[in-house]
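Just the one chain here, the form predicted on its own, laid out as structure tokens.
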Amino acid sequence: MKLFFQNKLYILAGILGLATSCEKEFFPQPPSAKVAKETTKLEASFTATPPLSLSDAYWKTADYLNIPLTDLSKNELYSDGFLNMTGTFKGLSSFNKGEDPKVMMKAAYDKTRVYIYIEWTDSDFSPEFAASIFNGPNDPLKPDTFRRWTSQGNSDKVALAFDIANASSATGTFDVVGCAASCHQNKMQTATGSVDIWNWDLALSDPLGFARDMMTDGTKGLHDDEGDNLASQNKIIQGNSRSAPIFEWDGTQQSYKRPDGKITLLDPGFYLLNKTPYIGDLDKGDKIYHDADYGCNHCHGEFGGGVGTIGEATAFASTGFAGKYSRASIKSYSASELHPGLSYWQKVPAANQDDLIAYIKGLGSIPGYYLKDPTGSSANIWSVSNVVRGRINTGSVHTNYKVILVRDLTTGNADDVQFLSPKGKSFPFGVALMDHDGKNHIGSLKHLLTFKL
């Protein structure tokens, strides 16, 4: 009897073993969940669903490349009249208050497009670029004390550089030295060949959902791609940093449909889209503002700092402040019971109200560029980011940027890199970051973007 039960147990064990092996063969275990890992190249995996959202599942498990950073350019200053624009003047030690920005990149591609994700830390938020300021602050790095109009402030940026046509400089070719091939004789210019520059700019491209598409070559140096670019200088005299602005905000809501289909609102203190001519005589406005009887300076300060001889009031000289209010709304508020200085405003001659408002707006800042729809090759690169653009407070806590750049694999344009039949191929690229700057940058000269099979 004992032997009988033992045989039964052996038979049962054999049946269970066979069942288990059959289950493994015919019902295989599901694969383990993918876990993101660090790679030595920027590896783009194929995806059937475009990862256009920062929260897309693809980015949560995609492999990543950490970018080591060095000083690529520092101690560079802008020309006359461009002030307080070099936040990365000292390179790494001045970027992100000297802390490692921890730049990380991921990539993907589908049948038609490439998607590049970039994330980095930046403890402050700089959305202005060359804003027009009247009697603004001096630049501690420049002996430039001329008053009246200047262009001040700069934006945060990240740029990628790809070889277009065998670019080279005195340092070597792009496939060997990376984006160092873009610089020749201390200029952003190749000796031979050309380089594609994808420039995401917090002031000039992100508001409309693009990156600024540029190129540099040995003939023209750095310039925008063909077509209408994203922004034009808001100056009466183009190229003159000390010229007055030509436009101001017209008071209508700035709503814009980005290329990914999302609607965004743009803060008029920093982004100028819906515009109207900037009017008024600044010299007359200056006299009224400082009038001994009813001047605004008594409460708002000599240069709009917010503290006057008889009282403390709104600081006009705050970047982006005056631009947030239309001319009509300033007049309406000034003439209302809500305005503590109503008795002063009532003494301003009606014929000079626009002169005074022009002066007040100048004490704050007026966007140095106005935005417009890009066309042609200049409209090739989309962008998605975690930036909030509707009501900007530059003093609020800021931690990091997350950006996705999107472009067709091939564009057919001579000013673009072409990712033709990219599966299994690698393309060298460089990375540059700017913190409140455009001349000085940190980054990494050469990495490889690889399209995985």
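On a predicted model such as this, the values are computed, not experimentally measured, just so you know. The first residue of the shown sequence is 1; numbering continues from there.
The form predicted together with heme C (HEC) is left out here; the points below concern that form.
Exactly one listed residue, out of Lys284, Lys187, Lys324, His339, brings a non-hydrogen atom to within 4.5 Å of heme C (HEC) in the predicted complex: His339. Though heme C (HEC) is absent from this view, in the predicted complex it lies within 4.5 Å of a heavy atom of just one residue from Ile118, Cys183, Ile164, Val348, which is Val348. Partner contacts here mean any heavy atom within 4.5 Å of heme C (HEC) in the predicted complex, and among 315 to 323, 368 to 376, 225 to 233, 206 to 214 they occur only in 315 to 323. Within 4.5 Å of some heavy atom of heme C (HEC) in the predicted complex lies at least one heavy atom of Ile330. Heme C (HEC) in the predicted complex comes within 4.5 Å of no heavy atom belonging to Lys74.
In the predicted complex, none of the heavy atoms of Ala170 sits within 4.5 Å of a heavy atom of heme C (HEC). Although the partner is absent here, Lys275 is not a contact residue: none of its heavy atoms lies within 4.5 angstroms of heme C (HEC) in the predicted complex. Annotation for 295 to 310: interface residues with heme C (HEC) in the predicted complex are Gly295, Cys296, His298, Cys299, His300, Ile310 [heavy atom within 4.5 Å].
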